[in-house]
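In structure tokens, the next block holds one chain alone, the form predicted on its own.
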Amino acid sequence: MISSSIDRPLPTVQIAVFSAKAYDQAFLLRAATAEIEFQCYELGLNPATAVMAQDAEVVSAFVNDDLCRETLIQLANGGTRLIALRCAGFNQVDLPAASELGIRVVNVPAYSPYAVAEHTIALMLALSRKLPRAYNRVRDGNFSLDGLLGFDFYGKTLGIVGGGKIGLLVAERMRAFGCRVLIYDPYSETICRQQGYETVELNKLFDSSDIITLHCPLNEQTRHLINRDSVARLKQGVMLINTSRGALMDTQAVLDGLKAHHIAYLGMDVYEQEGSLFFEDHSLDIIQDDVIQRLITLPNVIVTGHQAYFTREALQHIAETTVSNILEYLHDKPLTYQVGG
């Protein structure tokens, strides 16, 4: 929540906000204080648009903004000293460059783990019971059940990669369905075991799981965690879910696994090449990305456009935490959610 501890009055400070859709702007304006004035742009932040933040001491960016060294140099030259991310992930930021340039970076580490966990399970349910196909069929007046055969979650083995807040929420809910839950997370094994979950090595999780869901950060160790070798290890007929970061999966390898009928179900809320696609209306465009175009034609695949976080509660928390982060900076307080150096 926004801190009420204000030590000194400040003049209104303009904050340059990028990738700000109408819904983002509404929640940010509602959370703003008299000291903050948001200058919002729907455009994403990248080397070509960084000039729009000239003289903005604080810049707010979102998940697909490109905060590479070139962008950060332009921002630093224009006077930017704080990047207030409106997301948990910060893999899109060149943190060493930010540190060298004297730019501090803060994020929103847990805006709504419930939203993402619930969307994850919604994808599982929709895939397992073929709900999109059933919905469209009934709208056409076709009440046949042919081709709609599903399966029970009860008794299945669920493998969760990442035992943080979201992963454990998914585990709790899927255990209620009667699933055996396996978790791989070398950094939170003790917490997972204390909550009664079985922790395993990654290869055992791949070998044993009927359903696999990814809830880990993207870094050099996890990039393309799902690749051709790991796909080959997966059980025949596995369901694969990714609501975390697109580049956790080598999407071409996953597509090949689907075409070979090795992967039976795929639910994706994120995509490794989503930056030029997601959050925009491309319904009248000829989409040039052949991989995503092929995926969305498959009957056993559901793709949502980075929607998992998108609830009223999450947007409110993102806005309030972003404002709180900015106020801490403006009042020279310790930055609660600083990332990097």
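The shown structure was predicted, so the numbers you read here are calculated from the model rather than taken from an experiment. So that there is no doubt, residue numbering starts at 1 and follows the sequence shown.
From this point on, the text means the form predicted together with a small molecule, which you will not see here.
Chemist: To verify the annotation, which of these, Val270, Leu258, Val105, Ile226, has a non-hydrogen atom within 4.5 Å of the small molecule in the predicted complex?
Modeler: Of the candidates Val270, Leu258, Val105, Ile226, Val270 is the one lying within 4.5 Å of the small molecule in the predicted complex.
Chemist: Heavy atom within 4.5 Å of the small molecule in the predicted complex: which of Ser99, Thr222, Thr157, Gln195 fits that? Just give me the one.
Modeler: It is Thr222.
Chemist: Can you check 138 to 146, 75 to 83, 205 to 213, 163 to 171 and let me know which stretch has heavy atoms within 4.5 Å of the small molecule in the predicted complex?
Modeler: Heavy atoms within 4.5 Å of the small molecule in the predicted complex occur in 163 to 171.
Chemist: Do Thr71 and the small molecule share at least one heavy atom pair within 4.5 Å in the predicted complex?
Modeler: No, Thr71 stays farther than 4.5 Å from the small molecule in the predicted complex.
Chemist: Are any of the heavy atoms in Pro132 no more than 4.5 Å from a heavy atom of the small molecule in the predicted complex?
Modeler: No, Pro132 sits far enough from the small molecule in the predicted complex that none of its heavy atoms falls within 4.5 Å.
Chemist: Mark Ser188 yes when one of its heavy atoms lies within 4.5 Å of a heavy atom of the small molecule in the predicted complex, and no otherwise.
Modeler: Judged by the heavy-atom cut-off of 4.5 Å, Ser188 is in contact with the small molecule in the predicted complex.
Chemist: Although the small molecule is absent from this view, report whether Leu295 comes within 4.5 Å of it in the predicted complex, heavy atoms only.
Modeler: Leu295 lies outside the contact set for the small molecule.
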